[in-house]
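Single chain ahead, written as structure tokens, the form predicted on its own.
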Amino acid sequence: MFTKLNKISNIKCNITVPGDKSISHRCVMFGSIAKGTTHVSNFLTGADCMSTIDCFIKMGVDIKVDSTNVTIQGKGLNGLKPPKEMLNVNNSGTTLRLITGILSAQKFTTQITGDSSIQKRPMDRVSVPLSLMGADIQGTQKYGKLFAPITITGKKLNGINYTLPMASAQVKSSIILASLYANSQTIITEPEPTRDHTEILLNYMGADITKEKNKIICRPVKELYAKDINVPADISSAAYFITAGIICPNSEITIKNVGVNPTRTGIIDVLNDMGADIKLSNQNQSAGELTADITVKTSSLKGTTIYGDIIPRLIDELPIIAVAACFAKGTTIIKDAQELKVKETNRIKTVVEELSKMGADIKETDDGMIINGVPKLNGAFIESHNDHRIAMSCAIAALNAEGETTINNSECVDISFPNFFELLNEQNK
């Protein structure tokens, strides 16, 4: 499928973007192993989150989806049933990594696979700490690393003291989920803080997780308990319209009820540093998560350097930050972002490749990229590489590029933002 886009200006709108992808995944997983009925509103019905639902339905959980409302009849910590077939996470790395922590402690064996992209993403970072807890995880061995498809045989787990070799919310969350079933407490040390939706939501549902500086202390519990959850709008999805409002002439955009968890707001900090006009209002809280309306206006940006402990707070937003940097005066340097190489694509390579087609002055480095602002971008034929964040980032670049831009395989945005192009087209009328 192709989507064609042209330059626009004078965007004035209030919009709502879909529910947070990370939190939506966790609502299904935690609700499935909680006691009672969990009601979720503003759930993201993107392809990745639907893969999570499918996996838990195959393990005997009754889950009903009505538009963006989801009802989960929890089975309790030990109530999941052996699936009758191999679980398929499709393109969802979050599903694969987090569910591995849960399944490591079940009283049955599970096989899990995914699409060709998932089968290229290393599982060692999850399997190593879980194996230290006593998990039995087997899989495809290539180049001395473990890849899906994998087989997990549930075992009795032990608490461990583990230092993450890299900052990763998915790895941390997988260990935390396994720790619910362990025979003693688990201590996880992070090199830098990562998104803490797992800790917030699990504690909301009855877990016993505390934090001391960079240490997360997880104590096993007998049960989790169902709660009603309203999922905030996803700041990773809001990031595209935040950037559109900043780079398109004569524009002002307000995105409503966005999750502004401090572990996720690195993009706001960076864009503020670049000179963006961003204001937060109507700040509130939902199920332990902070929310706010975000208003942005057309801004003159300057280059900056992005590195160190802010990287985990904006890892998914780096492709769209690269787009903003194309319109900034001076040079923007992104460093310490090797994690981009093991996303749906090597996002260092694909961002550089596609924005270069549009006339960007952008260079790939081993751990990031160097971007020099240019007077203008030009429309081009863009390959999405079946990566939703590449497709959406290039689509926003197209809004301030001369001529027509075509995005190939644009339907990949359904993974996280099913109505993305519909919202864009509404501004183009």
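A quick note: this is a predicted structure, and the numbers were derived from the prediction, not measured. One-based numbering along the sequence shown.
There is also a form predicted together with a small molecule; it is not shown, and the following applies to it.
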query: If you check A135, L224, L301, I315 against the small molecule in the predicted bound form, which one has a heavy atom within 4.5 Å?
result: I315
query: Within 4.5 Å of the small molecule in the predicted bound form, heavy atoms considered, which of T186, S168, T100, T332?
result: S168
field: All of R26, R125 and R195 within 4.5 Å of the small molecule in the predicted bound form, heavy atom check
entry: yes
message: To test your reading of this chain, name the stretch in 80 to 88, 315 to 323, 138 to 146, 100 to 108 whose heavy atoms come within 4.5 Å of the small molecule in the predicted bound form.
response: 315 to 323
- request: Flag K256 as yes or no: does it have a non-hydrogen atom within 4.5 angstroms of any non-hydrogen atom of the small molecule in the predicted bound form?
  value: no
- request: Look up in the predicted bound form whether T94 has a non-hydrogen atom within 4.5 angstroms of the small molecule, and give yes or no.
  value: yes
field: Heavy atom of R219 within 4.5 Å of the small molecule in the predicted bound form
entry: no
field: Contact test in the predicted bound form: K343 vs the small molecule, heavy atoms, 4.5 Å
entry: yes
